[in-house]
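Encoded as structure tokens, the following chain is the form predicted on its own, with no partner shown.
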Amino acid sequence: MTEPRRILIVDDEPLARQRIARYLAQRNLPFVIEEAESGLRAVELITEFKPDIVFLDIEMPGLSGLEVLQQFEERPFQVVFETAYDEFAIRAFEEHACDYLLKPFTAERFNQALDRALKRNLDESRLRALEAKLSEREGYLSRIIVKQGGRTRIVEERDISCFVSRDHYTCVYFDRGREGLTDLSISLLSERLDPQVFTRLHRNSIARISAIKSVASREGEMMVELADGVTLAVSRSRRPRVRRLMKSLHQ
């Protein structure tokens, strides 16, 4: 017996979620369906529910559809985007052959998108190319999903002082003393964060440039102290950049 397909519907509008759920029910196929009313809940359900297909609204308050995708390093699911009329987004979808539904959409158009998602093998390169295209307008990563115990929250980039990799996790330090975890690696964060705002200190750490309070040498190692009291080592290859940054900060 074929395993039921797991489908996640992400939209902040209840009527939009209901429409998709109704169209899915009309197919009489073995689907297991979950709904998310926000980007934050979508991130939680993608982690817990592990969907095969995600119907993802692009324009949502709090965390956009693109920002939802940015919280995952690996994305083993098909994505069908939903969008209101937006020429930039539509050109990006068509250019990279990722399916989308232009609101309001008909049952016929929905079924076309669903059939493609059911048949298509995941093409991560196309999804990443689309993400890069949309990011031209969206800019660098500005919100991070952070886990604190059993709680998940959105943390603004401007409130983060540093990221530190420990024991296969990435710790996030924010709001002057708070700490949480993100699923994103230091390597991926270094690509998605604004290099004018953050700098890589070591293979296992990234710091906000404006949060660097002082630099000191300890037993031949360069160490930086941040405004929230966190102390981080600087690798040999990155010391010249840190010196230049400190010089420019104190000019």
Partner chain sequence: MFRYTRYLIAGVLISFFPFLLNLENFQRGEGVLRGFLWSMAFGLIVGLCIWGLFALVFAALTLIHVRTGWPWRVPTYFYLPIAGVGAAIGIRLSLGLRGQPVRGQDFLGAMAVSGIIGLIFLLHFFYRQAKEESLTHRAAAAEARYNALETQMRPHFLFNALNSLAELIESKHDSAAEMTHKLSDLYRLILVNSSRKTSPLDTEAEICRRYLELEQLRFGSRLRFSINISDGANEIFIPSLMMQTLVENAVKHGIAKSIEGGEVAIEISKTENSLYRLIVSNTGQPFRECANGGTGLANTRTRLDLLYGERHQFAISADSAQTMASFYFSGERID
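Positions refer to the first chain, counted from 1. Source: prediction; values computed, not measured.
From this point on, the text means the form predicted together with its partner chain, which you will not see here.
Tell me, which of Asp194, Glu44, Glu59, Glu221 has a heavy atom within 4.5 angstroms of its partner chain in the model of the complex?
-> Looking at Asp194, Glu44, Glu59, Glu221 one by one, just Glu59 meets the 4.5 Å heavy-atom criterion.
Which of these residues, Phe77, Phe72, Tyr100, Phe105, gets a heavy atom within 4.5 Å of its partner chain in the model of the complex?
-> Of Phe77, Phe72, Tyr100, Phe105, the residue with a heavy atom within 4.5 Å of its partner chain in the model of the complex is Phe105.
Contact segment among 44 to 52, 203 to 211, 221 to 229, 59 to 67, judged by heavy atoms lying within 4.5 Å of its partner chain in the model of the complex | Heavy-atom contact with the partner occurs in 59 to 67.
Its partner chain contact at Arg19 in the model of the complex, heavy atom, 4.5 Å = Heavy-atom contact with its partner chain at 4.5 Å: present for Arg19.
Its partner chain contact in the model of the complex: Arg158, any heavy atom under 4.5 Å | Arg158: yes, in contact with its partner chain in the model of the complex.
With the cut-off set at 4.5 Å between non-hydrogen atoms, does Pro240 touch its partner chain in the model of the complex?
-> Pro240 lies outside the contact set for its partner chain.
Answer with yes or no whether Ile90 is in contact with its partner chain in the model of the complex, where contact means some heavy atom within 4.5 Å.
-> No, Ile90 stays farther than 4.5 Å from its partner chain in the model of the complex.
Would you mind checking 5 to 19 for residues with a heavy atom within 4.5 Å of its partner chain in the model of the complex?
-> Residues within 4.5 Å: Asp12, Glu13, Pro14, Leu15, Ala16, Gln18, Arg19.
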